[in-house]
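One chain is shown next in structure tokens, namely the form predicted on its own.
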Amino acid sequence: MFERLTHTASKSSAGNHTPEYALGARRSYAFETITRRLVEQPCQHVLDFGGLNQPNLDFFSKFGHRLYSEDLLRSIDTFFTPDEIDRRQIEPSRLEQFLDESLDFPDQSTDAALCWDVLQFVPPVLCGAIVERLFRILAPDAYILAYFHPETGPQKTCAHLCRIVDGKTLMMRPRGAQRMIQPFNNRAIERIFQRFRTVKFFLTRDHLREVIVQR
């Protein structure tokens, strides 16, 4: 279940100062695009699939936004059995139950979803179901931010903890043990978001594909 996280803070600019603790952090042009929208639009409802962390909470709170945080990978590991995940086959009733517990929001009630690199680490049928639920709960013109590892990379790799440094910079560190990864080429990414209005790709130096999807 998403936890609503909010506290009062004044609206301010995203800032461009990178603190010392973030040395080695990476610039994200896709996140920078999301930030510009958040600055322009007050009182946004933002979903964060990476779990609760103070930097992300502080960042969104200073704009007066509401952050709903969920460690989606942990929720998946807790809800589904290892056999369900290994077989990559999940009963429709189980999918619906998981979505009702983890993404229990009214239709068109949220303004942005930060998926980070989570979608690539879940079984395809579950990934598709999550995207469909997002389409339902996101407001018109809302955005999804997602990262995808190279399609020709290893079959297993670590998901990342994503911590916001400033309006254009993220600290991304491997989390936990390596997990099976689902390969996605650009066409597959466009296909899974085919109900959405636009899918925009951003080139990066480290081959991590940054994607912004607009509802």
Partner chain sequence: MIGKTLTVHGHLSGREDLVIDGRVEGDIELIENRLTIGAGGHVQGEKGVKAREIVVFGSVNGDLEATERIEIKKNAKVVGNLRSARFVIEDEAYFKGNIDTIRTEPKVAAAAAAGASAKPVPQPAPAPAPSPLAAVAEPINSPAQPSLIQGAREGQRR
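The shown structure was predicted, so the numbers you read here are calculated from the model rather than taken from an experiment. Residue numbers count along the first chain shown, from 1.
Another form, the form predicted together with the partner chain, is not on view; read the next lines as being about it.
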| query | finding |
| --- | --- |
| Non-hydrogen atom within 4.5 Å of the partner chain in the model of the complex for each of 93, 178 and 184 | no |
| is_contact(residue 157, the partner chain) in the model of the complex, heavy atom dist at most 4.5 Å | no |
| Touches the partner chain in the model of the complex: residue 162 (any heavy atom, 4.5 Å) | no |
| Heavy atom of residue 84 within 4.5 Å of the partner chain in the model of the complex | no |
| Any non-hydrogen atom of residue 132 within 4.5 angstroms of the partner chain in the model of the complex | no |
